[in-house]
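In structure tokens, one chain follows: the form predicted alone.
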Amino acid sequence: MNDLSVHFDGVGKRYPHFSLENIHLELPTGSIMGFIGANGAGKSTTIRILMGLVHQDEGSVRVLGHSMPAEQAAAKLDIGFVSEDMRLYGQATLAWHMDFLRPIYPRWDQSYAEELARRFDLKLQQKIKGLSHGQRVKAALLLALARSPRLLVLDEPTTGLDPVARVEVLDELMAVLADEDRTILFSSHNTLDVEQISDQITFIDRGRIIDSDDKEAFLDRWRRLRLVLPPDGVVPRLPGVVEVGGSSRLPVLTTNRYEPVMVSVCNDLGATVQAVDSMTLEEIFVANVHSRRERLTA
């Protein structure tokens, strides 16, 4: 467990109209995990527990070797946190915020903070209230990164950003990972952003982790097979099929256990494989959620 920056074991939290249940989550040091879920799926609740802002009802949480929430003060010295709804002091300047935080964090890097301000086109003497939404997000990211955190926790950081600002933020996150000891948890419902920068992917839906794997493994094992069946033909039974779409003569099979041998298996059973389509992370997420919900209601 020493090489894990974040470890959730059987974590649960109950509210009157929502429950986070049996969360097992492992985030290896030096990786970027994309934490994907629809709005209300439990992403922010999980992050609040990680940060010690909410106390779990059951299970254990360790962050950077510290037990949470009991040792949150020590853990937070090495955590940078950015949320799309984070509030800075509107009447104060970015320079004021930098001066305020500098003595609190022992590894504060002033030269890096000033470099980020230039790259993000932020004026140190401008008041926060005069910044656009995108500029405020970049200011919050600057203040988090300049602390030289071992763990960077991002809760929907790119929501509402224009395309240029999104690219600038994502590029900087990739630069941060040049340090192999730095770790990022990137929570978002925007699968495109997550797919660009993450090497680990975790899906959450309705308060439960439904799948977690290496990103390349997700992209390799999920496929759509487009078939043509002969008259009175039967859809082949293949491993890992989570969805059958299309029509009776032109079925489309979605599988999460694709192997190239499936093409010859279909041919042997009289079905012609027209195409084997790769899937985007968004398509994989949607298919994953739909198949799980159908199993629960069956």
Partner chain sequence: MNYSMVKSLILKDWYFHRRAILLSLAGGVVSLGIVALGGKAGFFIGLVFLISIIITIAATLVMNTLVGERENQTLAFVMSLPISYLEYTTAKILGNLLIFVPFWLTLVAGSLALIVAAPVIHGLFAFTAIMAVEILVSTCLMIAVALVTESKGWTISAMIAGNLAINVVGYIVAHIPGIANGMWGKAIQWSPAASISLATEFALIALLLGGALFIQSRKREFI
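Note that the structure is predicted; figures quoted are calculated from it, not measured. Numbering follows the first chain given and starts at 1.
The form predicted in complex with the partner chain exists for this protein as well; it is not shown, and the discussion that follows is about that form.
Checked against the partner chain in the model of the complex, the residues R150, K76, H189, R206 give one hit for a heavy atom within 4.5 Å, which is K76. For the residues L225, L161, L143, L154, the 4.5 Å heavy atom test against the partner chain in the model of the complex is passed only by L143. Not one of F18, E259 and F285 is positioned with any heavy atom within 4.5 Å of the partner chain in the model of the complex.
A residue is said to contact a partner when one of its heavy atoms sits within 4.5 Å of a partner heavy atom; Q91 meets this definition for the partner chain in the model of the complex.
When the partner chain is considered in the model of the complex, L53 lines it closely, a heavy atom lying within 4.5 Å.
Residue contact with the partner chain in the model of the complex: M86 places a heavy atom within 4.5 Å of it. Among heavy atoms of W96, some come within 4.5 Å of the partner chain in the model of the complex. Stretch-level contact check against the partner chain in the model of the complex with heavy atoms at 4.5 Å: of 59-67, 231-239, 45-53, 244-252, the positive one is 45-53. Residues W96, H97, F100, L101, I104, Y105 are the ones in 95-117 with at least one heavy atom within 4.5 Å of the partner chain in the model of the complex, listed in sequence order.
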